[in-house]
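Only one chain comes next, encoded as structure tokens, the form predicted alone.
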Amino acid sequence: MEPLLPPEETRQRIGAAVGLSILLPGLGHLLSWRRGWGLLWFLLCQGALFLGLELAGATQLDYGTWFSFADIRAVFLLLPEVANLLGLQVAAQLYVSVESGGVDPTRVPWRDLGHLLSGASGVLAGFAAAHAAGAVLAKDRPRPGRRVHPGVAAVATLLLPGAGHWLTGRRFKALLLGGTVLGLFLFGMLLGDFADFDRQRHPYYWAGQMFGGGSFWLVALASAGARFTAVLRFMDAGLLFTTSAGLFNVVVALDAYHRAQHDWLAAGPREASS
């Protein structure tokens, strides 16, 4: 059986909504006239980015790099903040890391929280794109009843792994996938003595861990003071597990989006007439 797909015109509008949302979170929602949602996503992503930079003394910028063209600095790349593309470019022009001014970054009191907030701005921007895509589908192909549009299912997965599947009625799959993601993450944190979620020590692993969403971020905040005091036997395995869990959550969110989209499109004339 072939999968249900939106019409070509709707798919093009969905692609445009995703692209605009990555350029500037909230912009893609204007295609479906969801101005309130657009403003909310814009404020949420930019507020997290700039507040995070302030709290961390802009030390996040030490983990990024400029992409130059003809000796002109063109684009600043920083994972995962780069998903909030224009916001990051403005921030990179306005801020200078306190480490460049001779301040030891470990002495910045709110550095971990700042890193978490700015990183969350990029992750949220990616899920804002999913929400904008779902909003376009909901506008172009309105459905009666209590169907969950795919953007909501994706965002629910960011809040808690498996929540998107739960909302669409797939309870077993929600427990299986959510339990796998959370179990893998917590087991990895245990192997790393709960000191694995550290941007300064493991910036690339950290970027992958951030995609686990709200539940991962709460664990990161609770363990923010933890630091390695020795080389642990299974430290590398812990990093692998926690990062894999974060990236796997992206796959879970995409699956939740796909399942919700299928349900939305399948709710055709039969439901409309009931």
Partner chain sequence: MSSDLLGLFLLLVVFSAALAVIVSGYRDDDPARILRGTVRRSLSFLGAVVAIGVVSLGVSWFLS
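Numbering follows the first chain given and starts at 1. This structure is a prediction, so every number in the text was calculated from the model and none was measured.
Beyond what is shown, the protein has a form predicted together with its partner chain; the following relates to that form.
Checking Leu191, Ala156, Leu124, Ala135 for any heavy atom within 4.5 Å of its partner chain in the predicted bound form turns up a single hit: Leu191. For the residues Ala92, Ala83, Leu116, Leu184, the 4.5 Å heavy atom test against its partner chain in the predicted bound form is passed only by Leu184.
Contact with its partner chain in the predicted bound form, defined as a heavy atom within 4.5 Å, is made by all three of Lys173, Ser244 and Asp255. Remark: Arg13 does not count among the residues lining its partner chain in the predicted bound form, judged by a heavy atom distance of 4.5 Å or less.
In the predicted bound form, Leu177 approaches its partner chain with a heavy atom inside 4.5 Å. Among residues of the shown chain, Ala266 is not one whose heavy atoms approach its partner chain to within 4.5 Å in the predicted bound form.
Its partner chain is not drawn, but in the predicted bound form it has a heavy atom within 4.5 Å of Phe248. From the list 215-223, 66-74, 235-243, 48-56, the contact stretch for its partner chain in the predicted bound form under a 4.5 Å heavy atom rule is 235-243.
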